[in-house]
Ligand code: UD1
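Presented below, as structure tokens, is a lone chain in the form predicted on its own.
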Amino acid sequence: MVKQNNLSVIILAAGKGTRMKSSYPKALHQILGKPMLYYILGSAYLLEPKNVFVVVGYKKDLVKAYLEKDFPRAIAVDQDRQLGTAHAVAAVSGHRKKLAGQVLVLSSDCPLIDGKTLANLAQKQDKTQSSATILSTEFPDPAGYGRIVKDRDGNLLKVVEEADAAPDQKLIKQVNTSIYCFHRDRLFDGLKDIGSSNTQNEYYLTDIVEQLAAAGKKVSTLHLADYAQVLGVNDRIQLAEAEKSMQKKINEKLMVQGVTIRDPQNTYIQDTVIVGQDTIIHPGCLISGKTAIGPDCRIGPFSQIADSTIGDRTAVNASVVLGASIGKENTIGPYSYIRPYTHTGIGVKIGGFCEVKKSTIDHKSKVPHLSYVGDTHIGKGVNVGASCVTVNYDGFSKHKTIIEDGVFIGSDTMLVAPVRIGKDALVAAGSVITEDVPDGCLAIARGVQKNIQQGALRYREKKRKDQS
């Protein structure tokens, strides 16, 4: 991407989005787990602008909190009353001296716009030395969009909003995408003369375009063939359509890079995820955050992975992995829950219906099924039998369990932390271990078994009498 040294960006994100029927700001409605604002900011920052201003209004504290968390360089500007696009841009006038010579104006409800398209718009504005350049496109059905009105020679005269358009103007296919690049001084000088005499009683940014054209200033358009990039999101139906488009774009990019996605329409991957070649992702998976999956892995079906690393040739089947580091050649699941700060070595097996929390499991160790491992270090070559629990919480604080190399833990065992199981030790099934087990020892901690002769027969006879 070409660096735009003489460019600032203004993103309009003050709207409530009435048709969204929501108590949240429109800009924060999510696509693949990320706010729409995330995508538009991401595209804007690809241009490496001098600065980015975000105009906020409805529930502005929520938007500001998001910016502080994910885009701290962005500068939030308040628009206390939402009186139209020109009014929103005017809110930035107090920062006029900080702005670069060219100003790109974007809407936060256009999340599919590509950074390359924005770069092309800024480059045309700079190359033609226009007062304004409008990104235009043609929709099969242009209803709802402002129409680009030109004279017989193809010169732009004005942009007419749908609500103000005459019947013949509504037949025009070329529409305004509400994405502009302005000469800074022409933009802010023009804002002073904008009125609100229209059906919406709002201050339209498009009125500046008409003013510039009428004054003989150069106004250009850049036609975008791929109209899908500029589809606006005004309700939940359009939000779902935008998510499908973003999902398709991300999945196709991964497939081009050598990843197999069995059912792209039912696989949800954020654009922050890295996946290695020859990995197969099965249907129903949600993969998000700063996740990196190595080559030749098998993911899913129906797995959820977030902010985790998955080593080469690892299989994760119908499981949840959050904030964990999974080593090479592991098998996880089905139906296991790997919680944050878990680390596994090479060749580890975590079987069905297990939960692992804040633990380390070293090379070639196994927790095959139905077990809970929390705050535990498991060494190399350990086998933990079915239905075992490391009892890490005493009601007040957490404690650590250490299981050293070569240990065998029998099924249905409780290891009450803090406790250490020494190297090559064996713990008998059904034990409750409350003290350290030295290296090489066999530990048995069970209650005394009592066999009552004919006890089963007498028990059943008593039950039958009680029920008669």
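Small disclaimer: the values here were computed from a predicted structure and weren't measured. The first residue of the sequence shown is number 1, and the count goes up from there.
This protein has a second form, the form predicted together with the ligand, left out of what is shown; the following refers to that one.
Partner proximity in the predicted complex, defined as non-hydrogen atoms within 4.5 angstroms of the ligand, places exactly one of 244-252, 214-222, 188-196, 144-152 at the interface: 144-152.
With the partner removed from view, the residue among V275, V373, A88, L104 that has a non-hydrogen atom within 4.5 Å of the ligand in the predicted complex turns out to be A88.
When you look in the predicted complex, the only residue of F302, Y337, Y204, F71 with a non-hydrogen atom within 4.5 Å of the ligand is Y204. Using a 4.5 Å cutoff between non-hydrogen atoms, I281 does not count as a contact of the ligand in the predicted complex. By the criterion of a heavy atom within 4.5 Å, Y180 is counted among the residues contacting the ligand in the predicted complex. Contact check for Q123: every heavy atom lies farther than 4.5 Å from the ligand in the predicted complex. At a distance threshold of 4.5 angstroms between non-hydrogen atoms, N234 is in contact with the ligand in the predicted complex. Residues Q79, Q82, L83, G84, T85, A88 are the ones in 69-94 with at least one heavy atom within 4.5 Å of the ligand in the predicted complex, listed in sequence order.
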